[in-house]
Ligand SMILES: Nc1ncnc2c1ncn2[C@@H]1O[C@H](COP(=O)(O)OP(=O)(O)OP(=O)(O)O)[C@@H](O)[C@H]1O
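Next comes just one chain, in structure tokens: the form predicted on its own.
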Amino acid sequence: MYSLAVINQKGGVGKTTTAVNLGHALALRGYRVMLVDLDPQGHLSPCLGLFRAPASGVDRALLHGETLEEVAVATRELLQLVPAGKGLGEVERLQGGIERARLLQAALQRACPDVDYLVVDCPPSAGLLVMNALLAVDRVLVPVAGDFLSLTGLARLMRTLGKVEALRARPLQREIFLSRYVARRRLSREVSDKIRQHFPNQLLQSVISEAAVLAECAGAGRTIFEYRARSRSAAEFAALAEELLEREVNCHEQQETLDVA
């Protein structure tokens, strides 16, 4: 199982939009996908048509020892959702040591779900829930909007990732992509150039453009592939999924080479 967290401490950059459409893109390619909503706002549920969100979800796995598969909901072919659950916000108020940040990791170790990809949608914060994601997954996917506040937030996030890696057995694989991008805006292009300058090996070629259709499909409880399959946005998310798959293969091959050496 490969696992990734969609993360950015800044809100409004398209994390949930990315998680739901990337997850469906992978499922449409034949991969078994589990989406995990680690944001107490619980926006993944309505994005997949569950406008009355289930009362329990990942909160039960983190706080009461249930497995992710026990609280998962089948939403599409090959695509499961673990909702946030009403009690998820309680995690941020837990007392104790580092074990509080390893609840998701412990849940995966108890019973790893029978899926190919686990995609975690993180809240826009640097709190305990985000720490749980960072200690549990293999890689992070960072959407960055085309403005300088997002650029500042990216620098702060990278510092956070550096600190978290000291608590991990292996480094986090990091990938950044431009979201809500408007090519005609000079500011968007300047932000792109800055990221390419400072993070050349982590910036993906795939770009998700600003588009009203992405907000529309979320409101309709459908993914972009269901709402407007022939749109530019659908093609961009398909390309993002393809690029991540290719990078996963390349990373695996490089690791095998290092193991042999």
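Predicted model only: the values in this text are computed from it and were never measured. The numbering used is simple: start at 1 and walk along the sequence shown.
Heads up, the form predicted in complex with the named molecule isn't pictured, but that's what we're talking about next.
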Is residue 13 close enough to touch the named molecule in the model of the complex, meaning at least one heavy atom pair within 4.5 Å?
yes
Any chance residue 208 has a heavy atom within 4.5 Å of the named molecule in the model of the complex?
yes
Heavy atoms within 4.5 Å of the named molecule in the model of the complex: does residue 180 have any?
yes
Going by a heavy atom distance of 4.5 Å, is residue 214 a contact of the named molecule in the model of the complex?
yes
Under a 4.5 angstroms heavy atom criterion, identify the one residue in 218, 28, 204, 53 near the named molecule in the model of the complex.
218
Among 113, 153, 87, 124, which has any heavy atom within 4.5 Å of the named molecule in the model of the complex?
124
Among 224-232, 55-63, 37-45, 196-204, the stretch whose residues bring a heavy atom within 4.5 Å of the named molecule in the model of the complex is 37-45
